[in-house]
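Encoded as structure tokens, the following chain is the form predicted alone, with no partner shown.
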């Protein structure tokens, strides 16, 4: 089992740590770093892993380094570690949105195996969806290692073009917020129809959970599942007509286009 360092003990870094330990990754092979000693003390007690506030000490002998830092400090952290990373050329995995492989490569000095990944917040409970892209320096063994790491917090899939990460960011990266907004609107509508706040909330959440699980486990596609609920002349049919009249498909397409555009802007900003 390879020595692994997670730089950043925020929500995503901590969730990756928890997922790895739950999947029986040796805790003694994991080090996590963060400026906050309180966070580190809590994680050390919970998972019995190694912690430090010093990134350089952590990566000195690392075989895998996961950058779980905020995009705006990525370059600073990377520059500080570049010489150490050049010595060993470990596998570098980034989960920072909008930071391109070429930017990371530049900050680290070049010729480094780098995998960009885009997980989403349901990774916090082991239900994430993560897309990965590997550069030309990543070998097959390293791809398998990266996949197993991210699979500890949900499903994974590979992209053959880095530019597709912006589309993934728009769909699954930002996607939970779209569903939360729809759920919020359903709750409010339920209250408008006379349901109590708690009843509307529970019915909304369970319906969303049930629909997602059914879509995941069923052999039918989403079109077939929708049609199965939409009886001719029934209540659902009338509701669907309202959504279609409001151009819900166009709305969702424009939603993703706006998110992708911003992701592309962030990528350009990181390169400049």
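Positions refer to the first chain, counted from 1. Nothing here was measured: the structure is a model prediction, and the numbers come from that model.
The same protein also has a form predicted together with a small molecule, omitted here; what follows describes it.
Visitor: Quick check on this chain: which one of 145, 134, 97, 170 has a heavy atom within 4.5 Å of the small molecule in the predicted bound form?
Guide: Only one option qualifies, and that one is 97.
Visitor: Though the small molecule is not shown, can you say which of 73, 181, 125, 157 has a heavy atom within 4.5 Å of it in the predicted bound form?
Guide: Partner contact (heavy atom, 4.5 Å) among the options: 73.
Visitor: Give a yes or no for residue 39: in the predicted bound form, does one of its heavy atoms lie within 4.5 Å of a heavy atom belonging to the small molecule?
Guide: Yes, residue 39 sits close enough to the small molecule in the predicted bound form that at least one of its heavy atoms falls within 4.5 Å.
Visitor: Considering non-hydrogen atoms and a 4.5 Å limit, does the small molecule approach residue 58 in the predicted bound form?
Guide: It does not: once the small molecule is placed as it appears in the predicted bound form, residue 58 has no heavy atom within 4.5 Å of it.
Visitor: Given that the partner is absent here, does residue 253 sit within 4.5 Å of the small molecule in the predicted bound form, heavy atoms only?
Guide: No, residue 253 stays farther than 4.5 Å from the small molecule in the predicted bound form.
Visitor: Can any non-hydrogen atom of residue 118 be found within 4.5 angstroms of the small molecule in the predicted bound form?
Guide: Yes, residue 118 lies within 4.5 Å of the small molecule in the predicted bound form.
Visitor: Counting any heavy atom within 4.5 Å as contact, can you tell me which stretch out of 221 to 229, 243 to 251, 62 to 70, 204 to 212 lines the small molecule in the predicted bound form?
Guide: Contact-bearing stretch, as computed: 62 to 70.
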